[in-house]
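For reference, the chain that follows is the form predicted alone, supplied as structure tokens.
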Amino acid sequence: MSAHKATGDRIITLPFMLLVAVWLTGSMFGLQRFILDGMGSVSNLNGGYTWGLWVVYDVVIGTAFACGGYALAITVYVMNRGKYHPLMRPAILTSLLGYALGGFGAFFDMGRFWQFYEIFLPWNWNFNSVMLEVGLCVATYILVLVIEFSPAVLERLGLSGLKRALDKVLFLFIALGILLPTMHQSSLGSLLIAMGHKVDPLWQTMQFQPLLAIISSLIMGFSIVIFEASLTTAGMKQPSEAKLLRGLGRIILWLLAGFLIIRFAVLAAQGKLGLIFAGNFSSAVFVIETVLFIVPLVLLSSASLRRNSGLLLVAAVSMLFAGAAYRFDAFLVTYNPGNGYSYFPSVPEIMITLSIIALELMLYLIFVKRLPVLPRAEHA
């Protein structure tokens, strides 16, 4: 018998229909962007802000939200913490949906989207571009995630022989599934280095950007695993995995402490600590962001965490907001392309982004209800 199961619950529910409504609304604006009036009619992008909500959320933040599979793979297969293996398949599903829809979301920001295939033609590569490595890694990682998740589909189809054959070589794809996110998440940090003085001094930590990008992606990856598992337990009446999740909380505690120590140490070494108390917009944003990181640090250190699993969910949500704020602030909110440029996302940009999130949630619900994704009670 498989260690995983499908819940078998009804797919069409009121929350699901609300997600469908959001998805359809955003899809109408997407139709306008691709077929009717082009990108200029639905976005507020300009010469200074060539990246807006779509790229920053879908590529920079969305891929970090989708790092649950990456974070757990390091824990289970590198650190040899096999007790967390029951959490792997839901995490891989979350990663697959997040990366696939993040890659799809990048299409909205491509001026000549019909030429997307050019990135796969080596004779057209620009080896001076950080985005080349990001694009190739994300595309390859999506394929790796499809293969890593395929055992669930093979179990559902009853193709046990094919699944056994895949299991023999799956370790190769697991290794790639650890290498590729490490490469492209660090490259997202390198993008901030390439942006130079346009990045606010409080977020421009130069050579430490790749390291902070990887640590923040691991924090967000573990947090999304806790968030997803907690909501699944509550919303789908699944067995509680609180003991395993508290173990992840202890791992996150060290990552959070390391992130904050490195960040403030770099700011101190660069003589920028005084900017935190400047009383301007950037300093206020920095303080709010830091508080969002400190709240889970306090909660995860609390002795009451063992008695109250709800605190773990609160900590996870705060970490997700903190990680998203860190990347939003650096890439968009405090980004300064020069005088004469301003940007705020248009309603169509916001709705298209929400529709991609809604589609991801819809697909997750369909998969966990129809495919063996969640661990059975005796394995949870």
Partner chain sequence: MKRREFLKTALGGSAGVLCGGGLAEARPNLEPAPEAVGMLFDATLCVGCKACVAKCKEVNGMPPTVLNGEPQWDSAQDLSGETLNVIKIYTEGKGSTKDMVKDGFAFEKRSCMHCVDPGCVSACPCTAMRRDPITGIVTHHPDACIGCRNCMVACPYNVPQFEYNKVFGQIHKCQLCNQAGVERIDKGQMTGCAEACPTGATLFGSRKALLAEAKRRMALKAGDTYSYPRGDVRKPDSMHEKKVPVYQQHIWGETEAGGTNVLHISAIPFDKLDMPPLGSRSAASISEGVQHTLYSYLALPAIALAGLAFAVKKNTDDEGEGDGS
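Small disclaimer: the values here were computed from a predicted structure and weren't measured. Numbering follows the first chain given and starts at 1.
What comes next is about the form predicted in complex with its partner chain, which does not appear here.
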- Answer yes or no: in the model of the complex, does its partner chain come within 4.5 Å of a heavy atom in every one of M17, L96 and V144? no
- Message: By the heavy atom within 4.5 Å rule, which residue out of N280, N124, S304, S160 makes contact with its partner chain in the model of the complex?
- Response: N124
- Message: Give me the residue from A257, I276, V295, L170 that has a heavy atom within 4.5 Å of its partner chain in the model of the complex.
- Response: L170
- TL;DR on 243 to 251, 224 to 232, 284 to 292, 111 to 119: the one with heavy atoms within 4.5 Å of its partner chain in the model of the complex is 111 to 119
- Using heavy atoms and a 4.5 Å limit, would one call I35 a contact residue for its partner chain in the model of the complex? yes
- Task: Evaluate D200 for contact with its partner chain in the model of the complex, applying a 4.5 angstroms cut-off between non-hydrogen atoms, and reply yes or no.
- Result: no
- Query: Taking heavy atoms and a 4.5 Å cut-off, does M351 contact its partner chain in the model of the complex?
  - Reply: no
- Item | Contact test in the model of the complex: S309 vs its partner chain, heavy atoms, 4.5 Å | no
- Note on the structure: Checked 167 to 190 against its partner chain in the model of the complex; residues with a heavy atom within 4.5 Å, sequence order, are D167, L170, F171, L172, I174, A175, L176, I178, L179, M183, S186, S187, S190
